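Next come structure tokens for two forms of one protein chain, structure 1 first, structure 2 second.
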Structure 1
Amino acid sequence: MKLIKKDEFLNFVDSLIKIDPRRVIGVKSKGNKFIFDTLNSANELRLDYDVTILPPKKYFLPPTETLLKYDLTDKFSVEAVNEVTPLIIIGVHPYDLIALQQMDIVFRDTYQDHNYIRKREESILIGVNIQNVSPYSFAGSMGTATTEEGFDLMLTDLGDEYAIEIGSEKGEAILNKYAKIADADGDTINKVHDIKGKIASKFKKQLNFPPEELPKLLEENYDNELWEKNAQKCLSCGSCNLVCPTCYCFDVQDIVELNLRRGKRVRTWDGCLLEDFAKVATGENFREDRAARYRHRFMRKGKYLYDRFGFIACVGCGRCASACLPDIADPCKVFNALKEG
């Protein structure tokens, strides 16, 4: 573990920005909320944030991403596109780091999706332990309030300085090259350990049972009337999908330039709550019922992806709960209600 004075940390970030301003992303304030955005100066950093509007997923699975470009004046002229900007993302909370590790598994499974994988491999993630808890978040009870992996560097605020855990050689290298650091002593290591141990208990919102019970609970409650009852209020807007750090479904579309000569194939974020999500060309919609779509998202988070990959695909960030206008998307409320029966 290393130590860095706060002003030295800001110098470190500024020197990274100076090397390549396009590369450095951090958490900034926007109105009274927070976002991941390109940093113009280290002073913009708000490492005391509670949660960002969108997770850092947007840098690895962009809302719109070109997969192919082609020339229509030729009989068949297509090339793969993989636009990679190696990013340094500063201020990622543990639940978002865990979500990214889950996405890594998905995009590496069987067919390797290099559009995602290369962006991940070339990026550096500097995490920060949670200082302020979002009222919507229940990460404390999901086991995602802290993490020992998934970061290149991990910061813990100690007042005048940050403790830095090193998670990778890449992380260590930029630190050694650009930052003025000291070694942390035993007391500091203990202090960080204490701070991390207390984070989970800061969350007021809690899942009332261990998350490991979710797959079975959801299986048993497939026909629970709660789905229909809540779905009656659902706007099918897909906001819960859009803000989720573990929603990765996408649509693929061809976009042709106005000259009709060149075009590109892009993927865009899609959401299983949207009405047309499972609709095929013949008009058949395999998940036409709003309640079935509403249920699908929870089943996917707590059971389907668990069955397939072995992880609970809800990290308790609470973004969906805050984005949902009719207030039915909160997984914590839904899971607790199912448990209570």
Structure 2
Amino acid sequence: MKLIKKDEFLNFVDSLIKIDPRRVIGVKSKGNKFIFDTLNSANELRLDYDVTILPPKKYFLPPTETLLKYDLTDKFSVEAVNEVTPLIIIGVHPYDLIALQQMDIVFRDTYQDHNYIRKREESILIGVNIQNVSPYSFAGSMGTATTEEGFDLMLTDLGDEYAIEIGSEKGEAILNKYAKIADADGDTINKVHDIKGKIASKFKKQLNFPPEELPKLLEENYDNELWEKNAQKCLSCGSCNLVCPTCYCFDVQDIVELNLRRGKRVRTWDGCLLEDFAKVATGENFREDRAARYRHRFMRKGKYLYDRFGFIACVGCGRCASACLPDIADPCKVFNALKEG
């Protein structure tokens, strides 16, 4: 563990922006909300944020991405496309780091998605332990309020300085190259551990049972009337899908130029709450009913992906609850209601 004064940390970030060839991303304010965006100066960085509108997943699985281009003008040619911009992303909260680790499993351990993998390999993640908590978040109940892995560097605010945990050789390399740091003594290390140990207690919203019970709870409540009741208010807008750090579904379309000789294959984010998500070429829709789509989202987060990969695909960030206009997307509220019967 290392120490860096806050003014020296700003100098470190400015050095990355001016000298390092990688694009530097950080958390910035947007009105009274926060976003991940390109940093032009270290002074734009907000490490005291509660939650960002979209997760950093957007840099590895972009909302719209060209996968290949083809040309029939002369000879038939197909070119695979992977637009990779090396990134340094600063200010990632632990729940988003854990979500990215889940996405790594999805895109590496089943079908290897080289577009996603290359983008992850070319990135450096600098995390920050949570200082302010979103009122919609229940990460403390999901075991995602802190993490010991998934980062290259991790910051903890100590007042006039940051403690820095080193998580990789890449993180250590940029720290040694651009930052003025000192070694942390035993008292500082203990202080960081105390701070991290108290973060979970900051979350007012809580799951009223251990998350390990979710798969069985959802299985037993597949026919619960709550799905139909809540779905009556659902707008099928897909906002809960689009802001989620662990949703990874996408649609693929071929876009042909007017000359019919050239075109490209593009993938875009998709979501199970959208009406056409489960529609197939014949016109059949396997989840035409709105309640079935609503139920599927929660079953997928708490049971289906657990059965397949072994993790609960909800990190408790609260983005879906914040984005949902009729207030029916909050997993904490839904799961607690199912438990209460």
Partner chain sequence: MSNESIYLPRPATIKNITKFTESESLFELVMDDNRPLNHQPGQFVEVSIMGIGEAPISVSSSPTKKKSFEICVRAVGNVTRAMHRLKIGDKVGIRGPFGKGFDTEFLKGKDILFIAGGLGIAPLRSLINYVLDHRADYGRAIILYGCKAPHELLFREEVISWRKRKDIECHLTVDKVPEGEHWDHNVGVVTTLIPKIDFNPSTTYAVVCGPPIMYRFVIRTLKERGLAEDHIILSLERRMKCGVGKCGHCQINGIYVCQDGPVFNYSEIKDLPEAL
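Since the structure is predicted, the reported quantities are computational estimates derived from the model, not experimental observations. By convention here, residues take numbers in order along the sequence of structure 1, the first being 1. Take the two forms, find the largest set of C-alpha atoms that superpose within 1.5 Å, and that set is the rigid core.
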Inset, instruction - Quick one: identify the form predicted in complex with the partner chain, either 1 or 2. - result: 1
Inset, instruction - Please say whether, between structure 1 and structure 2, the C-alpha of V256 moves by 2 Å or more once the core is aligned. - result: yes
Inset, instruction - Please check if R22 moves between structure 1 and structure 2, taking a CA shift of 2 Å or more relative to the superposed core as movement. - result: yes
